[in-house]
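Below you'll find only one chain, the form predicted on its own, shown as structure tokens.
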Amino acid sequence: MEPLTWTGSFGTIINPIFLVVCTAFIVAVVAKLLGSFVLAPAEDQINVDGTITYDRGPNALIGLAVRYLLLALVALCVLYILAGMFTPIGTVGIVGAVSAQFAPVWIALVVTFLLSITNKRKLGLYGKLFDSTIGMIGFALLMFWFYTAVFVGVFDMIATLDPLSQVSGMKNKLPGTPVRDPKEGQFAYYLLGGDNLARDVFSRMVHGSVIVIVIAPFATLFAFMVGITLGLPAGYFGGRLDALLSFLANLVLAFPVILLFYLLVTPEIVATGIPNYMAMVLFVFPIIFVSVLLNSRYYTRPRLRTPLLAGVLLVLVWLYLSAISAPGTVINVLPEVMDLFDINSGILVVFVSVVFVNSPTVFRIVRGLVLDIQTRDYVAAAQTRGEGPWYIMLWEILPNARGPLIVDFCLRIGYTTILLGTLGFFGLGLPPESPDWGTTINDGRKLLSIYPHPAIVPAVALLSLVLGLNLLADGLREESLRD
């Protein structure tokens, strides 16, 4: 079999058009940047009778050209994807073959956007996100990797080969290289090349998304549970409680973040069982948060509150014990029959480290928001009605702090993703054969000047996910400010 080119025979027709449109788009963007300093800003005029006179000056025309050229680029990219999905593998080359492998993701994205845009007026802040172009782009990038992780981790789709398997003769092979004598049912190409151990770079990239999507959002969510549970009473009650919790938070923040990570994930610290004991403490906070949340909401309805709390606590405690208990570790409290799952020791260490490092920052944000919001009239009205402190904190103050917290949550997932990549790059926490993006970049950097593709592919994946999270946070910030 012949090696695949990037765009195959399809590229002889479309590539020149794509190159012309891309060049024109870059020129238009540069012209718009220069025009913002030289030309008058584009402003539409609202007339007395309510009609609008659109600006047709040079700056407005340049902006219009940028918009249409961007739409043309998007249309050409969609054309590449569709051609790759519905034509033989060699017609659109590597681009088409990769697009075909991601077919379930494209379908899931289209369905998600159609449903969301159709019902956006009923979806609150999430629906308003689709009024922001930046927010939609960020959301699309984030959901692309989320759906990739779901289809890879749950349904075993998208990946062409096992991420750990080595194929003879495929060491450091270029993208599009055919596999020598493929077995029956084996994918015939290394779409994005092979690494220095003859493993498929494409398969390792998509499997790496599973690790990031599992750890980063959930670790950030747990950090928010800890920060909110401690930050609300610290800001609301103040006094000695506030002083003690703020001192502990500042004590953790006094350490450089990356140094603290290195200390927590080093083998010597792991061997002492400290991460397991930290997990035992940190994983209690979601139970506390949910219990107080339900108790404060249904305090005046004991017939509903008592069975609801009992059922929820039973499930949460069972999940908690399953999370902290593992055979062969310092904490093994559940019989094997009752243990729902075992968390990989490397993932647990990284997870706990992320929660521990992020919690103090979340605590300080929540505390500051509470100090500001508790002076509002609706809080005073709730106090006048005789509502309890936890009801006021969780059902009056916290919902009104959701805007800044949601934005910070998105940004913090991005920071966590970068930290995971950093830990993997230095070989800390996760196993050395792990397909996470940081480990893969570290493996590829050794021959970067000769074979750049093993390092560039996961680096671009990491960049796109973090970019998507930042753009999503910007879009959410825009829409939350309009509320």
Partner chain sequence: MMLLTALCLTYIVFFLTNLYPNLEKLAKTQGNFRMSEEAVASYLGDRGYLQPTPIKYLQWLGALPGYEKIKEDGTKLGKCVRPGVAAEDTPRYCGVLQGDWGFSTVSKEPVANVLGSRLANTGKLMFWVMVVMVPSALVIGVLAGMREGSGTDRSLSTVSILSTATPEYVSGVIFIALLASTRNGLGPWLHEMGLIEGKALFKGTAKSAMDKITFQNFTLPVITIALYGMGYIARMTRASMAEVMTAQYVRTARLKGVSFGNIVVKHALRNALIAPFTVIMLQFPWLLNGVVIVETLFSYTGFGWQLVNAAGNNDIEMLLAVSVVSVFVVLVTQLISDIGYVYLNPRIRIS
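Positions refer to the first chain, counted from 1. Keep in mind that what you see is a predicted model, and the values were worked out from it rather than measured.
Form predicted in complex with its partner chain: not shown, discussed below.
The candidate spot formed by Val78, Trp106 and Leu115 lies out of contact with its partner chain in the predicted bound form, as no residue has a heavy atom within 4.5 Å of it. Screening 211-219, 192-200, 147-155, 263-271 for residues having heavy atoms within 4.5 Å of its partner chain in the predicted bound form returns a single hit, 263-271.
The closest heavy atom approach of Phe86 to its partner chain in the predicted bound form falls outside 4.5 Å.
By the criterion of a heavy atom within 4.5 Å, Phe237 is excluded from the residues contacting its partner chain in the predicted bound form. The shortest heavy atom separation between Pro256 and its partner chain in the predicted bound form is within 4.5 Å.
Ser434 falls outside the set of residues with a heavy atom inside 4.5 Å of its partner chain in the predicted bound form. When you look in the predicted bound form, the only residue of Phe341, Tyr299, Tyr378, Phe247 with a non-hydrogen atom within 4.5 Å of its partner chain is Phe247. Shown without its partner, the chain has no residue in segment 179-215 with a non-hydrogen atom within 4.5 angstroms of its partner chain in the predicted bound form.
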